[in-house]
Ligand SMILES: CC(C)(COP(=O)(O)OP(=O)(O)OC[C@H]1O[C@@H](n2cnc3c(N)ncnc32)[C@H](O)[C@@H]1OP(=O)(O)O)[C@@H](O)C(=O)NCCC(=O)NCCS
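There is one chain below, alone, in structure tokens, taken in the form predicted on its own.
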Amino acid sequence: MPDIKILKSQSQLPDLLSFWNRNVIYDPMPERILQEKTFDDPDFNPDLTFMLIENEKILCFMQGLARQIEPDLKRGWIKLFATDETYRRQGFATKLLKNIEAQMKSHGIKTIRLLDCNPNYLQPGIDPRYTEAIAFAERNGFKRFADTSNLEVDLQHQDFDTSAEEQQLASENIFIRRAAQSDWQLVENLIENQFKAWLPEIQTTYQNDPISLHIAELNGKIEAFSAFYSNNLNTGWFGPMGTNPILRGKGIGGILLKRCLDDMKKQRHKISIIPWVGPIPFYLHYANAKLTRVFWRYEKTILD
């Protein structure tokens, strides 16, 4: 009989990575990304991260996670999960799920979602090409509540120069530049007031060298931003971005987007991924971004 073991040591990651990349064909990871998704997540909990192992072979893996969304709201997630393709439809994933659900219930968690555990997530839902994963979710009581999508930008064959547009904005005392360490308090003020859910991701950009955040400043205040490498580091991952409503309509978002894309192009990325997309026409207009993947989002109530 397979044994359930927890992921408690980084020395287990190479075997887990090999298992993952054999079985999750649309989302292979380098080891540094698996490290980011597991041990580097501030909410990582080895007691919710299980591997089903038989004869030293991983048959199934599932990572549970709980995040404090609001002072009085804690939500659970299944952040990552996979079953070896030769051992599917044998109830292994369901067995691990029930263990995670029992622990979450004991801590008063009422709902569990699948995969979309921002700010640190691999993908924002299940790609429906993983048919077995869709079936697993629906057989175990998860309900599809939304869809989302990813876009991709071809970085190799586009010019992202924005110097003329920036010069025009400068005539209106709006200045576009890369964020500096000395800007942090002003950046934080904007995020806290307008885009609070994105604060952890913006904090991550300040850990990169150079800082992977571009900003727009007006009269000593930061009023817009655009980020990259706030999640899935060094993979061409773009976002988030936002503009204070008082400055919308001036093309600032498009300029900030292009500055981030230009950075990634100079770092020799061929494409940029724009995940969990809202305004598709915006990204098509400014970067000729094209839809590449869709994702189904699922949630389950485990405690009434």
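This is a predicted model, so every value here is computed, not measured. Sequential numbering from 1, following the sequence displayed.
Here the subject shifts to the form predicted together with this ligand, a form of this protein not shown in this document.
- Only one of the listed residues (Y130, W184, F195, F175) places a non-hydrogen atom within 4.5 angstroms of this ligand in the predicted bound form, and that residue is Y130.
- A single residue from the set L218, A146, A135, L233 has any heavy atom within 4.5 angstroms of this ligand in the predicted bound form; that residue is A135.
- Within this chain, P200 is remote from the site of this ligand in the predicted bound form, having no heavy atom within 4.5 Å.
- Within 4.5 Å of any heavy atom of this ligand in the predicted bound form lies no heavy atom of Q103.
- The shortest heavy atom separation between F92 and this ligand in the predicted bound form is within 4.5 Å.
- Within this chain, W296 is remote from the site of this ligand in the predicted bound form, having no heavy atom within 4.5 Å.
- Of the candidate stretches 104 to 112, 167 to 175, 209 to 217, 75 to 83, only 75 to 83 has residues with heavy atoms within 4.5 Å of this ligand in the predicted bound form.
- Scanning 12 to 39 for heavy atoms within 4.5 Å of this ligand in the predicted bound form gives W20, N23, V24 in sequence order.
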